[in-house]
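Just one chain is shown here, as structure tokens, and it is the form predicted on its own.
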Amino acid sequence: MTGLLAMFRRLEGPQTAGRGPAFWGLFALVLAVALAYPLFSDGYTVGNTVYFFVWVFIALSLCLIWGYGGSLSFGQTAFFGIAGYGYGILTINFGSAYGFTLVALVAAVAIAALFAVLLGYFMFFGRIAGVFLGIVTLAVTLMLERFMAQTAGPEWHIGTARLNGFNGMSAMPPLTIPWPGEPIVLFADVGLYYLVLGLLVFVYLALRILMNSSFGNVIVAIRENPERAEMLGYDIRKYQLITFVIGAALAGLSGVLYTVWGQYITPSSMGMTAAALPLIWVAVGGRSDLTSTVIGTLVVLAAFQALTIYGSQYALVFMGVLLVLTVLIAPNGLVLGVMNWLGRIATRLTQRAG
């Protein structure tokens, strides 16, 4: 019981913004609205909302690696694609009976994490850091994208699963949960919405606990001054590798959920544009905080989707301008800056009331 209480206390700490009854009251209110949302909307709109939630996982993975760990990675979409293709290959070959899609989900995330172990080991234990780490991860991502794009011929298959080149894989079964009488099939509707929302809340809270633990404090110390952290006896390579693998697993989870949502995955999900967009979401939100990353991702992604629908030729231009303005005006993140400003106002009001 004592250990459980200590774990819950780590929901608040120096590495995460938001604390006290006001923050958690607002959190509960937002969660209640999210839970009630399907009751006041149609299934199609709810299914489209899942799309926004899916991308938050990859944003949180980048927040962990880049914001807290200080390692700029363009490889999140590589892990996204690896897990997405992994889920497709497994489920097309073995089907969805007996809850195998859940097994495939876990296995696909594990494959992405294993790839991150191999890549991360050579990078961090090879002392690759700074801009060179970004170059290596970008090169790996683009190589995977180019390789998958040329697998259009009939010879490119794994079992019965055709890779289909640039057109990508499709027709993989949705998540299916075994249930007495009849299995529950989670199409892009209310059922999948609640599953993804539950996973998102769990991951968000788990990351808050992780970053406010001693592990999180060491990661931040490495970001601020790796030489000092190493002089204090910490094996910074090990901590960086673990952080990188956790981030890759989250990106892989995002890839699997995306594949489940749309029942397709294409090489373009690992392209240059796909690799750059999460960096913009996280930068605008505030890469050094989980809450601002979640808010920034949802807001910027909603704006990007609206522009894509009503003015597609300007969508990417808008994202580029937004990134430049963020770097010039609020390098720590626009959303995080607003959150800190509101926090200072609340503190002054409390002091005056006292």
Partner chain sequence: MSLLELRKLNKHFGGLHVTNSVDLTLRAGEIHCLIGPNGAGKSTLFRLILGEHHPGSGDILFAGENITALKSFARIHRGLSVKFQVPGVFKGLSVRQNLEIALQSRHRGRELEAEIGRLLAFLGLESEQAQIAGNLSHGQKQWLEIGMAVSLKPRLLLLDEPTAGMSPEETHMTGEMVQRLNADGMTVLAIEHDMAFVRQVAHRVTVLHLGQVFAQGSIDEIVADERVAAIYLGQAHA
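Residue numbers count along the first chain shown, from 1. These figures come from a predicted structure and were not determined experimentally.
One more form of this protein exists, namely the form predicted together with its partner chain; it is left out here, but the text below deals with it.
With the partner omitted from this view, the residue of L277, V218, L195, V185 that lies near its partner chain in the predicted bound form is V218 [heavy atom within 4.5 Å]. Just one of Q150, N167, N225, N93 comes within 4.5 Å of its partner chain in the predicted bound form, counting any heavy atom, and that one is N225.
At the 4.5 Å threshold, heavy atoms of N340 stay clear of its partner chain in the predicted bound form, well away from it.
Heavy atoms of Y264 never reach within 4.5 Å of its partner chain in the predicted bound form, leaving it off the interface. In the predicted bound form, no heavy atom of G181 sits within 4.5 Å of its partner chain.
Though the partner is left out of this view, L232 does reach within 4.5 Å of its partner chain in the predicted bound form, counting heavy atoms only.
Contact with its partner chain, judged by heavy atoms within 4.5 Å in the predicted bound form, is confined among 197-205, 154-162, 97-105, 232-240 to 232-240.
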